[in-house]
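The data below hold one chain only, encoded as C-alpha cells and taken in the form predicted on its own.
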C-alpha cells in the first residue's frame, strides 16, 4: 500500500513540476511540498478543500503533492521546485527557504495562528509484538544488541525531532553535564542500523524489511502503522519524556504571486482551511494533535497519551536558530557523534 502511495506521489509531483501550477480555464492547481508522513492526511484534506472551495471568479482548485524528507524538500524548493505552499517538519526548513530565496517572508511564523503550526505531534517508539527487547524508555535504546531505526537528521525533519527528544531525556538524566548527554546520544546512534532519508522510508525499513528492534518515529506514523498492519505485529511505546513537534506551514509567496492574485489567494485560503473545524477534524482523524481539540471527534482526541514533553524553545535548545547550527550544521554535535560511531 505504501509503495503504491510512493509511486503515485512521485508521478504527481513530477507532473506538477513540469510547468506552471495554474492550469488555466476553470481550475487552479496548487503544489503542496510536504514531508514524508503527511501523505494520508493531505489525501483527505485536499479532497475536502477542493470540494468546498472556489475562487472569487468561480474557479475550482486541485492540489498536487510532493513528499520526501523535510530537509530534502526544503532544498528542492530552494533549487526551483515551484511550490505554492510548504508544509514541512520544522521551522528551520522554512527559515532556510526564506533566507536563500526570499520567496517566503522572514516573518512567516506570524501569518497564521500558533506560529503557523496547525497541528503538533510527538516522538514515540514502535516495537515488535510482545516487545521482545523490553524497550520502555530512551535508555533501553543504548543497550548492547538493540537495533534502532531512525532517519538521517541531515535530510529528515522527523529525524531531528527524534534526536532532540533523546537529547532532552539525557539532559534530564545528567543535568548540567553536556559531555555525558553527548555520550548517551552517541551510544544510541551506535545502535542505529540504517539511516533512511525520510521518516516514511524508516517505517518501510522497520516494517516491510523487518530490520531493527525499535523504530523511533512520529506519533502519527506509529498510529498509522498499527492501523494498516494485519494482526498485532507491532506495539507503540511512549517514552517517559518526549518533545512537542510543531510542523509549520507557509505560502511560498514568491512562487504563487507570479501565477496571479487568485493563485496567491487560493494558497493562503488552503492553509487557513487547516485551522477550520473541518481541517482540525481531519488532522485528528489522521493521528496529528489538533490545535482545537473541540473541533475533532472526541474518540480521536482520546487516543493521544499525555506525557511530559519539552519544546525546542526550552533553554536546553534555545529555539531553532540555536539548535540547528549547534546540532545539525556541518561539524555540529550530530556530525561529531556520527563520526565517532
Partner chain sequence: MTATAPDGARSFRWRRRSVLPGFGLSLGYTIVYLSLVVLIPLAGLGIRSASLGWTQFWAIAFDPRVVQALQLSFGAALAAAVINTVFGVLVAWVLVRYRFPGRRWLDAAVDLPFALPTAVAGIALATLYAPNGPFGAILDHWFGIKVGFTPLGVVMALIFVGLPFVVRTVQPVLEEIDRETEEVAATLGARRWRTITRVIFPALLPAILTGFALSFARGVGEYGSVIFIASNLPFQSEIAPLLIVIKLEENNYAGATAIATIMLVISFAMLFVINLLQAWSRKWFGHE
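All of these numbers come straight from a predicted model, not from anything done at the bench. Positions refer to the first chain, counted from 1.
As for the form predicted in complex with the partner chain, it is not shown, yet the points below apply to it.
Quick one: in the predicted complex, does every one of 115, 269 and 278 get a heavy atom within 4.5 Å of the partner chain?
Not one of the three qualifies.
Which of these residues, 155, 122, 131, 139, gets a heavy atom within 4.5 Å of the partner chain in the predicted complex?
By the 4.5 Å criterion, the partner-contacting residue is 155.
Using heavy atoms only and a 4.5 Å cut-off, determine which of 72, 182, 244, 109 is in contact with the partner chain in the predicted complex.
Contact residue from the list: 72.
In terms of non-hydrogen atoms within 4.5 angstroms, which of the given stretches 245-253, 170-178, 202-210, 232-240 touches the partner chain in the predicted complex?
Among the candidates, contact is made by 202-210.
Consider residue 265 of the chain shown here, and say whether it contacts the partner chain in the predicted complex, taking contact as heavy atoms within 4.5 Å.
No, residue 265 is distant from the partner.
Residue 194: heavy atom within 4.5 Å of the partner chain in the predicted complex?
Heavy-atom contact with the partner chain at 4.5 Å: present for residue 194.
Using heavy atoms and a 4.5 Å limit, would one call residue 328 a contact residue for the partner chain in the predicted complex?
The answer is yes: residue 328 has a heavy atom within 4.5 Å of the partner chain.
Are any of the heavy atoms in residue 96 no more than 4.5 Å from a heavy atom of the partner chain in the predicted complex?
Residue 96: yes, in contact with the partner chain in the predicted complex.
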